[in-house]
Structure formats: C-alpha cells, structure tokens
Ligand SMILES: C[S@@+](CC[C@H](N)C(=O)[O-])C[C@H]1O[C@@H](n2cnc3c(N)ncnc32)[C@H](O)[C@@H]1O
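Starting off, we have a lone chain in the form predicted alone, written out as structure tokens.
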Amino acid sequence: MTEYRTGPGDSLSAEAFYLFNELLDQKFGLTFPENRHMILEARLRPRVRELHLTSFMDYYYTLLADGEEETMKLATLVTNNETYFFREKYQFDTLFHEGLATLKSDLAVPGQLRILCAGCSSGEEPFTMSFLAADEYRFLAAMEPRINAFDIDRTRIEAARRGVFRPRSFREMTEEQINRYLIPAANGNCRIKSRYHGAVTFGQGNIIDVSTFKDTNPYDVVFCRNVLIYFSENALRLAIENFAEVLRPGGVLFLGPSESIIGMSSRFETIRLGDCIAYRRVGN
C-alpha cells in the first residue's frame, strides 16, 4: 500500500482526495472540485500534523474511527467563513421592502416575522438583520422579528454568541454605523450592543439534516447565501427540500447572487423582488 507522507513537498493523493470528498459530501454536503484539490490539502494538513499522523489517509481513518468529535473539527477546517456586516445589503433592504409586502398578510405566527439564517458562520449576517430591523425599519417592531441562525461549525457559533468581532468584520461599515451598533473591545475589536445581540438566537445545525434546525413553527423567510455553491448536486437538492420543510407556503428563500435553484424543485417558484431574484415556497 502506498504511504502518504505529510512532510514538506508531499501532496494529497488522488485516492485520498476522492475519499475525503466522499466523506465531506456524506457529512456536510460539501464537495471540492478538482480545481480546489490544493485548497483541500492545505486545509487538512495542519490537523494531520497536529495529530502527529504520517499520512492524509491516516487522518481519513481517524475520522472514520473517532466519530462526532473529530468530524466537528473537520467541519471547522473545510468550511469557508468569509463574511462581514452589511454584506450585499440590498437583499436585506429587499426583504424589508418588497418582500415584506408579500409576506405580512400570512405570517407563520401572527405578529411575528420569523427569519432563519442557514450557514450563518460567526453571525455577521443575522446581526446585520437585527441592526436593520431595530433601526432602519422600526415599523417592524409591530411584527416582532424573530431571527434564528445556525452553522455546522461549532467554533463559529460560539464566536457568534460571544458577539466580539475583529475589524475585518466591520470593514464595510461607516464610522456612524460602528458607533451605533458596536462597542469598542480589546485589541481593536468591537462587541455587539446588547439590544441587537439579544434579538438573534444561535444554534449548531447541518443544512442536509433538517432535524438539526427545524423549529416548532415554520419560517417566513430563509437566508442561505454563498453556502450552496460548495454543495454537491445531491446535497443541493436535499438542502432545497429541507428549506421547503421549514418554510411556510408563501415563504421566501434568499440565496447568494451567484447561486440558483431554478428548475431544481417543484416546491419553489422563482420570483423577482425589487432587484433580487428569490424563491417562493409553493404548495401545502
């Protein structure tokens, strides 16, 4: 059997690359195409060295043997956590303008606007919604917006709950916005003000396992942006069905600008809201 070293100059073999992709698809729905082979290798290598293993295949077997704990560490290694406050704000504005007009007549829970953020990373997206709902769209107070958010990466959820962010997370915010929503913390970081932090509930969940994020009541809106582009086709179809399960009929799904599910499910119809393409849940 070929030995796979992890010292300088070695590489993740084609066999190991295939097996890790198979495992990542099964556990998280993620896939690394061939042009991202080196990216997967670079993300796995530090953990292989940390465990003092002699090969990538040894790490693969460790994952098979050690179960949930090491699998959660793997999730941290392979997921993309690039996010920041007010990213693609026009989609939030669309939700609170044109989107709300289509939603408010038939909310899942009368008097509440229930929003789910799937794949929320460290929380910048749901916190941005909290900022806007409480400030720029004060009329939503009459609807009591409820924002739930989840991510597969436990370390990101823990960071979101702490609510302390480095400057790169608020790089697109004006000084006025920073002063309005954040409090200075140590080392140039900032903390979310309590009135905005308390409006968001965080949990660990897996997009391809609906039982990890389905709530007692359905949602009016699901945001899942810049996540599904990393999914295999089978996982993408499962994710769509899972979002249909947690959305009420007439509820709306927002994806990232480069993502599309057109023609992939009879449970959603494509709609235009302002400058956005979104997907409305149809049927019962």
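Fair warning: this is a prediction, and the values are worked out from it, not measured in the lab. Just count from 1 along the sequence shown to find any residue number.
What comes next is about the form predicted in complex with the named molecule, which is not displayed.
The named molecule is not shown here, and in the model of the complex it never comes within 4.5 Å of any heavy atom of Thr94. The named molecule is not drawn, but in the model of the complex it has no heavy atom within 4.5 Å of Glu176. Looking at Phe150, you'd find a heavy atom of it within 4.5 angstroms of the named molecule in the model of the complex. Among heavy atoms of Gly99, none comes within 4.5 Å of the named molecule in the model of the complex. Per the 4.5 Å heavy atom criterion, the named molecule in the model of the complex is contacted by stretch 76 to 84, the sole one of 76 to 84, 100 to 108, 162 to 170, 180 to 188. Between the options Tyr59, Phe231, Tyr219, Phe254, the residue in contact with the named molecule in the model of the complex by a heavy atom within 4.5 angstroms is Phe231.
Of the candidates Ile240, Val227, Leu40, Val246, Val227 is the one whose heavy atoms come within 4.5 Å of the named molecule in the model of the complex; the others do not. Counting a residue when any of its non-hydrogen atoms is within 4.5 Å of the named molecule in the model of the complex, the one hit in 13 to 28 is Phe28.
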